[in-house]
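Take a look at this one chain, the form predicted alone, written out in structure tokens.
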């Protein structure tokens, strides 16, 4: 990867685009399963534009990041180093993790917070092939009655909910689409 490619892919208008991306991240987490458009980033493959925008918005030099094997390329590391400055760490030390669901396994190695500090849990950014078809019914905070969403599996998220207020949170990205599943959400198969 040459220097021009490393420099490319960030927000063209950082103030406005990062504000919109931050709002999309907040909306996604506040309304579990609802798809939010998120644009502005053009990271190197295999990172989706939505995942790239989340990284540009929420990850910095104080945010330990784990890259699953599916995302851990030289181009990815160089792009993250230049645009975010995040230290790349083992899964057990990560505040954020990026990868395909299968490559992030086992999710039990990610931090779930502590009774005194539940906010010290990891946030997973899960790359998905698409936002459809729905596979789960979601209920809980931020959902009026129930909502259907596409998740890579059900059991891990149902088990994660039983640990509340501990547990990991997830963003899911496909192209320029973003949706989220906080640990407070009840999940059941359709």
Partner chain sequence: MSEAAYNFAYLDEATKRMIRRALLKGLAIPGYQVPFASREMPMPYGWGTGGVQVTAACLTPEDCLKVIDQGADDTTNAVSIRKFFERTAGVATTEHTAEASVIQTRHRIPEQALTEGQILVYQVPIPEPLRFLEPRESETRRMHALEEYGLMHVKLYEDIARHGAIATSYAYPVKVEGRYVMDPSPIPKFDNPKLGGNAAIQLFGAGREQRIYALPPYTQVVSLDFEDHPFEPSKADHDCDLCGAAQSYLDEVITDDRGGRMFICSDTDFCASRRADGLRGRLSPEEAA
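The structure presented is a predicted model; accordingly, all values stated were derived computationally and were not measured. Positions refer to the first chain, counted from 1.
There is another form of the same protein, the form predicted together with its partner chain; it is not shown, and what comes next is about it.
- At a distance of at most 4.5 angstroms from its partner chain in the predicted complex, none of the three residues 128, 133 and 137 contributes a non-hydrogen atom.
- Its partner chain is not drawn, but in the predicted complex it has no heavy atom within 4.5 Å of residue 177.
- In the predicted complex, residue 39 stays away from its partner chain, with no heavy atom inside 4.5 Å.
- When contacts are judged by a 4.5 Å heavy atom cut-off, residue 123 counts as touching its partner chain in the predicted complex.
- Contact annotation: residue 57 falls within 4.5 Å of its partner chain in the predicted complex, judged by heavy atom distances.
- Only one of 66-74, 42-50, 147-155, 161-169 places residue heavy atoms within 4.5 angstroms of its partner chain in the predicted complex, namely 161-169.
- Of all the residues from 114-132, those having a non-hydrogen atom no more than 4.5 Å from its partner chain in the predicted complex are 115, 116, 117, 118, 119, 121, 122, 123.
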